[in-house]
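Here you get one chain, nothing else, as C-alpha cells; it is the form predicted alone.
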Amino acid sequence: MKFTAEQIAEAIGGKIEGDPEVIIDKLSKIEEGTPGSISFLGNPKYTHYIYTTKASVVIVPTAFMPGNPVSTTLLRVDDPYSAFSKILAFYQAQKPRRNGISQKASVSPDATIGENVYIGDFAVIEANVTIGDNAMIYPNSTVETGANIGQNTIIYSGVQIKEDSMVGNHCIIHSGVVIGADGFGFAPQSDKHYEKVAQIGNVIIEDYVEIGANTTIDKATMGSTIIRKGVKLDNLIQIGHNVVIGENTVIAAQTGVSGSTKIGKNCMIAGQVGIVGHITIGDNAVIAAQSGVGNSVPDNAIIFGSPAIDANKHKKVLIHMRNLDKHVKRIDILEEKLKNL
C-alpha cells in the first residue's frame, strides 16, 4: 500500500517539514533507509544517520534541531518511537489474515469454537475447550481439555496450552511457549528420595498479555498462577507455580521467578534476573539485569546486584571494588609502618 507523508502525518498527529506529497510504501531502519521508505529517529546515538539516510520520511522528536542540512522530509511528533510503533502495527494489520479450520487439525466435537477462528495444520483442540471469536491457533499447537482461549488471541505454532488453563482476550503467545506444565513440587522423604507433589491448579492469563518464545508458566499446586492484564514477558522466561504478576509489568529474557512470589504492577525486570520464592515485589519496582533477588522489595524501589540491593548503593560498592587493589596496597604500607614504630 502507498501513502503520502501528509496522510501518515494525519494518522499519527505529526507536523511535516518538507514534501507532504512524497510517497511511502515501505518501512526501514534509519541507517538502511531507501527511497520510498519511512523511518524514525528515537535514539540520539543515531542522529548522524539523519544527514545520510536515503529514507523519504523520517519521524523525529518535535524539538529536534538538525546541525546540518537534511534532504529527507521530517515528520515531527512528541514520541517518535510510539508513532513508528503505530505505523508498524498498521503495516502488520494489512497482511492477509489466515482463516478457517484445517482438515489436518484435530478438533474435538465437544470443543466450542467461536466465529472467524483460524486453526492450522496438525493443531489439536481437545474436549471442553473454548476458543473465542477471531482467535488464531497456528499449526502444531495443542490446547488441552478444559482450556479457554479468549477473543482475538493469537497462539503461534508449537505452543502447549495445558488442561484448564485460561488465556484472555487480545493475547499473543509465541512459539514454544508452555502454559500450565506441572510446578516444581517434590517432598523429601526419610530415605532421601523425593516424592512428587500433585499439581492440581491452573494458569490464568488475563487480557492483552504477550508471552515470548520458549517461555514457560507452571500451573499452581492449588489455586492459580496468575499473569495480570497487560503483562509482557520476553523469550526464555520461567514462571514458577502460584506466582502472581501484576498489571503492565514487563520482564526481559532469561529471568526466573520461583514459586509463590508475588510481583506488583508496573514493574520493570531486566534480563537474567533470579527471584526466590515466597517473597513480594512491590509496585513500580525496577530490577536491573543479572540481579539476584532474595528478599521482598518495597514499592518504587530500584535494585541491582546479587544479592540485590539499592541500585545507588550497589554502584558505590562497584566503585570501591574497582579501587580495591589500591586500598590493599595502602593497608600493606600502613601495616609495615606500624611494625617499624
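Since this is a predicted model, take the numbers as computed values, not measurements. One rule holds for the numbers: they count along the sequence shown, beginning at 1.
Note that the form predicted in complex with a further copy of the same chain isn't included here; everything after this is about it.
Within this chain, residue 153 is remote from the site of a further copy of the same chain in the predicted bound form, having no heavy atom within 4.5 Å. When contacts are judged by a 4.5 Å heavy atom cut-off, residue 206 does not count as touching a further copy of the same chain in the predicted bound form.
Within this chain, residue 106 lines the site of a further copy of the same chain in the predicted bound form, having a heavy atom no more than 4.5 Å away. The closest non-hydrogen atom of residue 273 lies within 4.5 Å of a further copy of the same chain in the predicted bound form.
Checking 10, 25, 332, 21 against a further copy of the same chain in the predicted bound form, a heavy atom within 4.5 Å turns up for just one residue: 332. This chain is drawn without a further copy of the same chain; in the predicted bound form, the residue among 61, 282, 292, 36 with a heavy atom within 4.5 Å of it is 292. Of the residues in 193 to 213, those that come within 4.5 Å of a further copy of the same chain in the predicted bound form through at least one heavy atom are, in sequence order, 193, 194, 196, 197, 198, 199, 200, 210, 213.
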